[in-house]
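Take a look at this single chain, the form predicted alone, given in structure tokens.
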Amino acid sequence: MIRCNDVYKSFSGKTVLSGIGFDIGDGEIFGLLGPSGAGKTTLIKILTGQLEFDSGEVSVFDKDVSALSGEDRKNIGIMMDQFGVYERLSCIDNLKIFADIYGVSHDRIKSTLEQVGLKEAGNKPASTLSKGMRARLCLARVFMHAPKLIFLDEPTSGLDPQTMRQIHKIILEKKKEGCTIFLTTHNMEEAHKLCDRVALLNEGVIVENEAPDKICRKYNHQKTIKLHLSSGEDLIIPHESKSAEWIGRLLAAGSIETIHSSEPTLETVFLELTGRKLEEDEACITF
């Protein structure tokens, strides 16, 4: 679906992207992770043909990105920083504009609003929507023309946990429908939950590119298991086969309250590789 090979981009002599390369297959959710200013939005603009790059190769739908036809572009949906919302217009009228741009029947508007949980808000002006509802309206605009390839640039940034879960559910439903999704985020928990593969981007360079679980296992240097017992005691034991019998006895006795592996999060891996901390706090992997 997307191929990016040795891509470089500079602004005013400063290199923003350096040797970027990856492939994204059909129906995959690919996450590009990194802090603000790492080059995530720049890369989206390159992949969608909004911005020229200095060197390298970029193809979308097995075509050079510069050669995409109008019909190809209709198969791309983009959500970037909640742009494209007209404040004085209702949700329905906002979607009518984009339906007309893409040549889509207005009959799709009601079902699209229902899909993102805005069925009852159709006549509300966009200016009166909460931040979470605005984010869902932006998703509705992206989904209106049923694109095969969707770019979501930090779609849950600044949202409360409940709204975030609702948007995650919508994204996973689009994957089930066969959409390929390119997601940028600095939320490591979100990436771990949603993405088939993630690329860690730091100062314009991809420092890792693999499935989230594989990345975490690769950098699991400690290889220990932490047991929290009902007595209040914490035990740290080796993550190896000979510990299984001991854990089994404790479980049989009802002595274990929680078990955690030492496997790091994407956040801690990123910190190890770059020395830079992302915005989310480290969380334990719980079994």
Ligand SMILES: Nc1ncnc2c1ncn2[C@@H]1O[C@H](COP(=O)(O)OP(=O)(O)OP(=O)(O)O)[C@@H](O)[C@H]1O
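The first residue of the shown sequence is 1; numbering continues from there. Computed from a predicted model, the values in this text were never measured in an experiment.
Form predicted in complex with the named molecule: not shown, discussed below.
Quiz prompt | Interface stretch in the predicted bound form with the named molecule - options 232 to 240, 248 to 256, 60 to 68, 35 to 43, non-hydrogen atom within 4.5 Å | solution = Of the options given, it is 35 to 43.
Practice problem: Could you work out which of 192, 108, 175, 186 is the residue within 4.5 angstroms of the named molecule in the predicted bound form, going by heavy atoms? | Solution: When the named molecule is considered in the predicted bound form, the option within 4.5 Å is 186.
Exercise. Using a 4.5 Å heavy atom cut-off, state whether residue 154 contacts the named molecule in the predicted bound form.
Key: Result yes; residue 154 sits at the interface with the named molecule in the predicted bound form.
Quiz item: Is there a heavy atom of residue 16 lying 4.5 Å or less from a heavy atom of the named molecule in the predicted bound form?
Solution: It does: once the named molecule is placed as it appears in the predicted bound form, residue 16 has a heavy atom within 4.5 Å of it.
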